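Okay, here we've got a single chain as structure tokens, the form predicted alone, with questions on binding and movement later.
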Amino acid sequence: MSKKIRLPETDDGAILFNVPFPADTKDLKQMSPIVIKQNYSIDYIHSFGQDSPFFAGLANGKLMGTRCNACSYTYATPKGHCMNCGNETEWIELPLQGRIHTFTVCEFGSEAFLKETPFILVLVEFDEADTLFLSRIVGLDPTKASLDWVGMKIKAQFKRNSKFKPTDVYFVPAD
């Protein structure tokens, strides 16, 4: 008789013990399904494409917008082409100070922000831009929201370790 050959076994993956199995194979169709919880991970390669200068700016403490080459319309949230005339835009550096145009207190948020609710989102108005910029503001108490905040001078701050996300920049009240 030949020697029994076995493959090596490891502890990784799903290991199930005492898996129910009917005594009669005729009963297999009535068997409950086996459910396994399994971790899944994938590396996702993402390109920022034409928005790369915006995220590179955030990583370097700069807020980048765009300006139309033809009509000079300026976008605080960058656009590759002008929404007014359709011409190409160019990158510009925005000021790091602006004003609260309007705000909202967010009582609920996605999973990434659950621990931080309630938080405040602001639309930032810049003297040099024709559009507004959506961001968070910290340093104000969301339970004491006031229309007195509209027009308040605020300044940009950047996370020390950039995650290449729009949340790398946030605003605080200016001194």
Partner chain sequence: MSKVYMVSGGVSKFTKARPDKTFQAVVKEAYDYMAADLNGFDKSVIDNTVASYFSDHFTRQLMAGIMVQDYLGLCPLASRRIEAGGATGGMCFQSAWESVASGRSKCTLAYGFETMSHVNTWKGNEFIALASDVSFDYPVGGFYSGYYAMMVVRHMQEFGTTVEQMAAVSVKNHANALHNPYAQHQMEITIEDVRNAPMVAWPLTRLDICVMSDGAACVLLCDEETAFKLSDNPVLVSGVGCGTDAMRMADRPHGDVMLLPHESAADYKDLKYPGIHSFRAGRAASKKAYEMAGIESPREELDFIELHDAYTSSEIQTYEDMGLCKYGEGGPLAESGAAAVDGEIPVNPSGGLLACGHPVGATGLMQAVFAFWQLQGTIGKHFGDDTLQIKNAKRGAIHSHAGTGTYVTVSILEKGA
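Note that the structure is predicted; figures quoted are calculated from it, not measured. Numbering follows the first chain given and starts at 1. Rigid core here is just the name for the largest C-alpha set that superposes within 1.5 Å across the two forms.
This protein has a second form, the form predicted in complex with the partner chain, left out of what is shown; the following refers to that one.
Shown without its partner, this chain lists Leu28, Ala112, Ala70, Val138 as candidates; in the predicted bound form, only Ala112 has a non-hydrogen atom within 4.5 angstroms of the partner chain. Each of Cys106, Val122 and Leu132 places at least one heavy atom within 4.5 Å of the partner chain in the predicted bound form. In the predicted bound form, the partner chain lies within 4.5 Å of some heavy atom of Met83.
Within 4.5 Å of some heavy atom of the partner chain in the predicted bound form lies at least one heavy atom of Val35. In the predicted bound form, the partner chain sits beyond 4.5 Å of every heavy atom of Asn87. Interface membership of Asp24, defined by any non-hydrogen atom within 4.5 Å of the partner chain in the predicted bound form, is ruled out.
Although the partner chain is not shown here, in the predicted bound form the stretch 73-87 places heavy atoms of Tyr73, Thr77, Pro78, Lys79, Met83 within 4.5 Å of it, in sequence order. Once both forms are fitted on their core, the CA shift for Thr117 between the shown form and the other one remains under 2 Å.
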